[in-house]
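Encoded as structure tokens, the following chain is the form predicted on its own, with no partner shown.
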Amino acid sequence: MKPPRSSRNDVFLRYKLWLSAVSGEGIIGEGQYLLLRMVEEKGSLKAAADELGTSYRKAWGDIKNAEELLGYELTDKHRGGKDGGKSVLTNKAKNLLEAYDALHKKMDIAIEDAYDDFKEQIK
């Protein structure tokens, strides 16, 4: 049995937003954003990585890469101890996330408006 054919009414808009360096390397996108938010919530990079189903090594590498490209630290790390280590977001990281949220909201509005125009044209 064939899957049903789609029509113009079945067209959906999907987009991704990320910030990159001049070299094209990604600085922050949905993945890094979620990782930083999870660090903020869980209080540790390890717990954040576990929650997102990624390895600690990848999470650490993503944050380290973003820090190098941005030129500032995103987390303050506190090693081990009896309760384990913890990570907290720096003020610059919090500002970055707030700015990213604001940018994303503005982009959502602009893209939805453009998409509405698009749908009108294909009727």
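Computed from a prediction, not measured in an experiment: that's the story for all the values here. Note that residue numbering begins at 1 and tracks the sequence as displayed.
The protein also exists as the form predicted together with a further copy of the same chain; that form is not presented, and the subsequent description refers to it.
Mapping the unseen interface onto this chain, Glu98 counts among the residues with a heavy atom inside 4.5 Å of a further copy of the same chain in the predicted complex. Taking the partner from the other structure, a further copy of the same chain in the predicted complex has a heavy atom within 4.5 Å of a heavy atom of Ile27.
Proximity of Leu70 to a further copy of the same chain in the predicted complex: non-hydrogen atoms within 4.5 Å are present.
A residue is said to contact a partner when one of its heavy atoms sits within 4.5 Å of a partner heavy atom; Lys58 fails this definition for a further copy of the same chain in the predicted complex, lying far away. Checked against a further copy of the same chain in the predicted complex, the candidates Arg37, Lys92, Lys77, Lys64 yield a single residue with a heavy atom inside 4.5 Å, and that residue is Lys92. With contact defined as any non-hydrogen atom lying within 4.5 angstroms of a further copy of the same chain in the predicted complex, the contacting residues in 17-56 are Leu17, Trp18, Leu19, Ser20, Ala21, Val22, Gly24, Ile27, given in sequence order.
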